[in-house]
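As a starting point, one isolated chain is supplied in structure tokens, in the form predicted alone.
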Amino acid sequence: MDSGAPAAGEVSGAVLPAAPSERAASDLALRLRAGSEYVAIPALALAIAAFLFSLFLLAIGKSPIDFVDNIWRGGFGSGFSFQNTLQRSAPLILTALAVAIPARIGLIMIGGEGALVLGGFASAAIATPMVGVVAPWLTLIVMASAGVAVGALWIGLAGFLRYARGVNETISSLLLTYIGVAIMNFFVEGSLRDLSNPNKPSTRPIGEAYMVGKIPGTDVHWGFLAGLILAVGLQILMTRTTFGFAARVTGGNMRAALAQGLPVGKLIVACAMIAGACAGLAGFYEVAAIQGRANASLAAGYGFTGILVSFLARHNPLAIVPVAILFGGLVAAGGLIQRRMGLPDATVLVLQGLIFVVLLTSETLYGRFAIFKTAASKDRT
């Protein structure tokens, strides 16, 4: 036998290219390795926040184990509690999407609370003259359309100011939130106030016949399903369409997008309006499925919690769903924690605040661990 014959996979001393299947497997392994960083670092942030919150509980004489047990019982431990969690997570999914979509184009919009409040108020206000006159199904369609349109216009205004006048969208969207809440209070405490309810300023109730029902077989309203559908639809929009590709290019380098002739202004306003529409839809469901009227209860902080949900999910619409359910469980368990542990409702807000601070700090960790780096990224560093 000729010992100089080339071995399998070699031709005259040269290594043959890897088979397509081998290259695909290698590429997949590299992508998984690089992508695992976006799971590991948020998980680390959650663990650190949980540790710090445990120290806080111990400092005030409470047991972290009891806290976790009550979170489980109140949010996930039974069919009733889990359905309550899903219902609480519905507005969180929608308001988190209101942060995630502008983030894809490089914008930090935090005005979902204002769009939710105004969207809910618009839904209730437009329904008031229609109740008892127009069919419930048509009234609900008009209410949803009004909430979506008002929310889209409200956040769209922040997007327009960002492109046309260079106004920082984070500041403008936050200030618009307070203006939106003030507008609702002006009308709810004034011309649209229900005089038959002297205890709490509210619009007139829309009535049971005009409320959104529950998903059959559950105690969860249809807003949760709407959030799921929107999360999937917006993921497809932002990853599988030319609009989404153009938005990602713009978010990566706005000057390069302009040089390539992309309609940057329209893209910014469009993403902002999509965000506002999601938050406005959340306001519609809060009125039509929960409250039955518009009042100060619309400003429940869902829009601000949605910011945390979106950041923890890395602005991925699909990842937003499980993260929103997690935080929905925290909200749902608040009452049980208050009754059994003697802690105020603000305890959950303390935990959310810790998570947000640690999460923002953890942003500095990306790209610093060699274990997550591919060979190409190591060569560049």
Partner chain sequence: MNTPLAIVLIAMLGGAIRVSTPFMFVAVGECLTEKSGRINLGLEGTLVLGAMVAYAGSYRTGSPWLGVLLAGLAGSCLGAMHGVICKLPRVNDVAVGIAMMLFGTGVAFFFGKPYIQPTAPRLVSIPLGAWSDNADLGSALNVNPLFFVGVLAALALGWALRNTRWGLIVRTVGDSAAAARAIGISVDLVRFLTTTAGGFLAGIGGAFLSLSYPGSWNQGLSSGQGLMAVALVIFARWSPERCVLAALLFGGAGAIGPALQSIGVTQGYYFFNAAPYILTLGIMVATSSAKRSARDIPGELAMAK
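The structure displayed is predicted, hence computed values, not measured ones. Numbering follows the first chain given and starts at 1.
A second form of this protein, the form predicted in complex with the partner chain, is not displayed here; the remarks below concern that form.
For the residues Ile215, Val131, Val167, Ala144, the 4.5 Å heavy atom test against the partner chain in the predicted bound form is passed only by Val167. Exactly one listed residue, out of Trp72, Phe82, Trp222, Phe304, brings a non-hydrogen atom to within 4.5 Å of the partner chain in the predicted bound form: Phe304. Not one of Ala43, Leu318 and Phe372 places a heavy atom within 4.5 Å of the partner chain in the predicted bound form. Here the chain stands by itself, but in the predicted bound form one stretch of 266 to 274, 175 to 183, 230 to 238, 121 to 129, 175 to 183, has heavy atoms within 4.5 Å of the partner chain. Mapping the unseen interface onto this chain, Ala289 falls outside it, with no heavy atom inside 4.5 Å of the partner chain in the predicted bound form. Taking the partner from the other structure, the partner chain in the predicted bound form has a heavy atom within 4.5 Å of a heavy atom of Gly353. Interface residue remark: Ala209 is not counted as part of the site for the partner chain in the predicted bound form, having no heavy atom within 4.5 Å. With a 4.5 Å cutoff on heavy atoms, Ala103 does not count as touching the partner chain in the predicted bound form; it lies far away.
Taking the partner chain as it sits in the predicted bound form, the stretch 54 to 70 comes within 4.5 angstroms of it through a non-hydrogen atom at Phe56, Ile60.
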